[in-house]
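Shown here is one chain on its own, the form predicted on its own, set out as structure tokens.
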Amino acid sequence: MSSSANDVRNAADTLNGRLDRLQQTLFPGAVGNTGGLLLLLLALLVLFSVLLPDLFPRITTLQAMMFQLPELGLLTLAMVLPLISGGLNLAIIATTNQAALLMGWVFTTQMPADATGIVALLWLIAGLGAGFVYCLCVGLATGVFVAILRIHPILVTLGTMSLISGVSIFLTRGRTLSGFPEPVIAVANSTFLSLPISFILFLVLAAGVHVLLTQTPIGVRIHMTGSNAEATRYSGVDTRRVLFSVYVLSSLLCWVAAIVTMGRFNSAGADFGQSYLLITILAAILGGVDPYGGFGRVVSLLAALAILQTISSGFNLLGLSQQMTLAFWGVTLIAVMAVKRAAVLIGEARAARG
């Protein structure tokens, strides 16, 4: 038998071995850490309710958390797709900020101040469309470098992040843009049946990503590519098309995050949300996404985001600084990775003894 035939057989055997683990991620009956995350969330809610009985256990606190969560949640969804595919997108914050700046520039410098009715609607569509096209172009360019040219995604997105951030700071001189149309502000600050519209939007997109990853062929291929790209390629899957789609979708999620961010703050700047890059990775890892690719569930991710938002809100009500929250999140990321790695090593040791 030729060496190439052996390679194909070995790759197929590897793929079949990985599919058992893949099924645990794709189907509702899979074994996961969602239950543990929900227990941790419940424990945190009880803890902060005991520590802050007059402030934390209130409807207004819950509503404030729902207003704050969508921007982080959307950025985390933009990070999760590349992570599951075996890659990473370090440019999500820079892409979001520049998309917001572009849309803000259209709204503040090109849109007539007295525009009303159909004219205002057309300018609104033009501004949002400019941001969409920009994010689409970033996703297409990133996909070309990662999927077609086979450059490592960390290097590609690190370069993209530096380029976009540098251009944004150069063009704005560090200044922010503000004064956006009322519909943009309403997306992040209005409610429907007492639920923030931005939170509803996030849940809809999260559900869409969940369906994409679990109920569609491209979703299965994303998991397979992240699990073992070479074995997936030998099985007949066009991994280049899969990776190309992943980075386009990731960038388009940044466009939605840009709309929510500029609406909530009524401003856009080149340095907004810099700390979110760490938090999106933390949320993904805490939510059960394998940092090496191949596995992850949106349901667990939602629980992880709720935990991080609860910690942030609780620390804020306790009067702790944002820097303390970031430090705690950093420790949490290291601890989660250490525990997961220790569990793998213990399992391997038990298997070796057995």
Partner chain sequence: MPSTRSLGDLVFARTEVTLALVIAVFVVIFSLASPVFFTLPNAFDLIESYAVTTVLAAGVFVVLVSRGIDISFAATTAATQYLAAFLAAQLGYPAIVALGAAALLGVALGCVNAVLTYFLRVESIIVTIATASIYFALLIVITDGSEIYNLPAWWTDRIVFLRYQLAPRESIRLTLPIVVMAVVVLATHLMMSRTRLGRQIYALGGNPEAAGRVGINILRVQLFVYGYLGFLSAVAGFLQAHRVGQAVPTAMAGTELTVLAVALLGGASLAGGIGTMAGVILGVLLLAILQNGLNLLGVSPFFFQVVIGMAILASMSFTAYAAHRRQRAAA
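As the structure is a computational prediction, the values presented were derived from the model and not from experiment. Numbering follows the first chain given and starts at 1.
Keep in mind that the form predicted in complex with the partner chain is missing from the display, and what follows is about it.
Taking the partner from the other structure, the partner chain in the predicted bound form has a heavy atom within 4.5 Å of a heavy atom of Phe145. Though the partner is left out of this view, His152 does reach within 4.5 Å of the partner chain in the predicted bound form, counting heavy atoms only.
The closest non-hydrogen atom of Ile185 lies beyond 4.5 Å of the partner chain in the predicted bound form. In the predicted bound form, Thr160 approaches the partner chain with a heavy atom inside 4.5 Å. Only one of 46-54, 325-333, 301-309, 64-72 lies within 4.5 Å of the partner chain in the predicted bound form by heavy atoms, and it is 325-333. In terms of contact with the partner chain in the predicted bound form, the residue from Ala126, Leu136, Leu278, Val211 that brings a heavy atom within 4.5 Å is Leu278. The contact with the partner chain in the predicted bound form, taken as any heavy atom within 4.5 Å, belongs to Ser165 out of Thr239, Ser165, Thr176, Asn228. For the marked spot (Ala113, Leu205 and Leu253), a heavy atom within 4.5 Å of the partner chain in the predicted bound form is absent from each of the three residues. Relative to this form, the distance between the C-alpha atoms of Leu40 and Ala342 is reduced by at least 3 angstroms in the predicted bound form.
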